[in-house]
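Alright, two takes on the same chain below, each alone as structure tokens: structure 1 and structure 2.
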Structure 1
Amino acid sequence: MALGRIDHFEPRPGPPPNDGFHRAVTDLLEEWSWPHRSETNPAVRIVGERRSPRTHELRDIFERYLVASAFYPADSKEGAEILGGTDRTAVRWPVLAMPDGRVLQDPSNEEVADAYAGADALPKGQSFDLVVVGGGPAGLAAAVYGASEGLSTLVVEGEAVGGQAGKSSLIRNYLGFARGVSGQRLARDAFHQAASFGAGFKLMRDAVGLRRKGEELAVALSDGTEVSGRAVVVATGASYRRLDVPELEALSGVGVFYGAATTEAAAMTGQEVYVVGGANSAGQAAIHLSKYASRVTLLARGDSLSARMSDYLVTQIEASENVRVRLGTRVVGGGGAGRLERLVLRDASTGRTETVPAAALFVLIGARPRTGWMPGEIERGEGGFVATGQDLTREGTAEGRSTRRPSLLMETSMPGVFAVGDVRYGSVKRVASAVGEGSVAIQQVHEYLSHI
């Protein structure tokens, strides 16, 4: 399954009734039919110019929210029908035909989100018990537990719910899903679960500032508005550096993995795999994979490993019989029939490209926490990740604390502001741990609220 050779497996059903088996088949059919549904019964129709980056961005947004959309060129019959009698020379592309009949010209992401959700679905008011910034697994877990425990909860998300996990085609190590679950489906179900408990969502809005406002915390949004909460949970995650090779992005989770060397190592037994990166995380992944794979090739852009990798790891790599290193090499292409089968490598010194067989590619080229919008009083640890609890080197200001007390486990140096998931310094970069942190943070939010 990790290599994309099996999509799913289900035990042979026994005597009727076979409800579990029927449900599994129905779920598989639903996922299989999704691409076709966009073509036959789109909820949103997009008219625009071919090869428009903005059109591609909109289609990607709708796909991540599991909203069926279809694209029609501006000069097509379908496009003309949507435009009606509008003069094409005066149109601002792209044009979107929404489910309620409205037609939007070159709308912003905020306008698209509001038009699709409808005014009745937007959160009422601007003040809440809890504001969660970020709609990945950690943020959604915080929203589910916060809303279910009686806190009026708002989630602010700048892109699509699910975060990095939402882009994974198959998460194989999440508890309770023996055959794996797509990140898209996990995000969709968590989104609906949070909403069912009463959590509100401000979608397609980025947080751009955070300040204390009397007894509350105010979060400034990219649309010029501001929302307030008695407590704030920051779950903005980290931007994991991507290879930006489209044909490999399409194989994420089926041969191409971002930082999943431990999880997928056993599935690489007897396979030839590649690791991209020149720092310790890449070196550690290569050593671990060498216990299973027939051969591991470490690809580094630089001309030496010692510049960014610890000496002990360099020594281990040099001593490993089935680990080889290729310096000055970049991955520029690749592909396969439904799973990774080959990579295209380019030598930086000669410019020569080479196609090599590969069963898996592990990308470990760093991550940047999304913290640029946060005030300076929130302490950061190594790499810019948000420090919390015992990792804090300075006490939070007395403002916001009714009594002098130590910071809670996931509380930042700004009282009432908590950090969970990948954005937090020292966090484990796994979906399950992110969900756990999001749920645990709510207990600490209650404790904080009891003090104020």
Structure 2
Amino acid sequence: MALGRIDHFEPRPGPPPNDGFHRAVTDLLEEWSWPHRSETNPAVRIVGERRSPRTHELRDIFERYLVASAFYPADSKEGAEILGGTDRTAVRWPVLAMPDGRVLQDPSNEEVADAYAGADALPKGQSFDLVVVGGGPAGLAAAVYGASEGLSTLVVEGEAVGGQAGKSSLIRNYLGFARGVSGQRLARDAFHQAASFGAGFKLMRDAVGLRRKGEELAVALSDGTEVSGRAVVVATGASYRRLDVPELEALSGVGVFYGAATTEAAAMTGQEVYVVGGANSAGQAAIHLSKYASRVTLLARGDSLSARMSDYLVTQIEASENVRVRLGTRVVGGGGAGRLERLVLRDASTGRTETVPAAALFVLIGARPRTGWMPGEIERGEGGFVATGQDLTREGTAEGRSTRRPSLLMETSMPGVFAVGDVRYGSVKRVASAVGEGSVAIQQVHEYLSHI
């Protein structure tokens, strides 16, 4: 597996009953069938202009929710059928035909979520014991433990459950999955697990504010509503750093992708593609893309891959015939007519620039915490990550605020607000540690609730 020569293995089944073996084969087939599914019977049909970034974004969201969608250009037969007699000049693109027959023009993410789920699926009420902001591994773990331990729990997720992990094609180092697990599968199962314990979900809504409201904490949402919790767990993770090359920013979603290698991989068949980054996520993206692209070039600024990448990935990259590595190289420019066609690379040692043809660029160069929505009173550590427990300054601690109790390990400077996973200063930035922090925080939520 380290050399990429085996996709999966399963021990030969022993004496009957062999249900474990059958289940493993079924899971494997299910995972295989999703990217190979036919587009003849999609749940959602999208009509619009080719290569529109918004269409890419919507398809990415549906993909991450495992909802089959298909795209039809506005001038296609299927497109015309969906539009019916609508006047094309007045249409706001893209147009979505939903499973219940509704046709939406340029809908917001909230409108898409409600139209797909139906208003009945939304949680009832606005007040909960626990509001979890962010539905990545850390938030889902907090929801599973919170809901299973009797707390009325609401998860607010701005995009798709699974967070960054949901974008990972294969997580090989998560405990209990000897052959690895796809991020989408882990996210979907964790989502169902949390829901089965009674956690409610508000999907495709961002938290945009947080304030104390008497004994409770109120979380303002991007749809203009507010939900409140006696405690709040912040699990908003991190997002990718951008390249800061304006001409490439303009091509985001049309050849330039931030971390979305899973969604776009099949479209790269026979293409020349580039991956920027020197850590594990870039290595995984390069390996995944190499199954489709004619050649993948991994660009790293440093002079060695092994400094920031796991050994198993470095070995796999070295063994891949169509993956080449260019160290000491930066992307400084690029462009194309409507989509990415070329990149400008600079060699750090010689300073020479070179223009190369490129069909796609996948950028995986580190992350920035998603804290823009949080009030200033929540202390941040280096890099803007949220400080908790022992990393709080004296003034930020509960003792500093004279609440007559010490700050809990994952509690922020705002009493009753906890931070877990990638957003937390000093966190390990792995699926397992995010899940661990999300689970552990619930014990601290109980402790906090017993104080108030």
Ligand SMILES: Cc1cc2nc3c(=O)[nH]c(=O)nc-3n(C[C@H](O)[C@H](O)[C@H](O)COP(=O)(O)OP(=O)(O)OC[C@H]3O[C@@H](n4cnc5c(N)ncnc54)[C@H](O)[C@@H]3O)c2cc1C
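By convention here, residues take numbers in order along the sequence of structure 1, the first being 1. Rigid core here is just the name for the largest C-alpha set that superposes within 1.5 Å across the two forms. Because the structure is a prediction, the values reported are computed rather than measured.
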Exercise. Look at both copies of the chain and name the one that is the form predicted together with the named molecule.
Key: 2
Practice problem: Could you tell me whether the Cα atom of residue 240 shifts by at least 2 Å between the two structures after core superposition? | Solution: yes
Quiz item: For residue 292, is the C-alpha shift between the two structures 2 Å or more after core superposition?
Solution: yes
Quiz item: Relative to the larger rigid part, how many degrees does the smaller part rotate between the two structures?
Solution: 70
Quiz item: Can you give the C-alpha shift of residue 326 between the two structures in Å, rounded to one decimal, after superposing the rigid core?
Solution: 8.4
Quiz item: Core superposed, what is the CA shift for residue 348 between the two structures, in angstrom?
Solution: 6.9
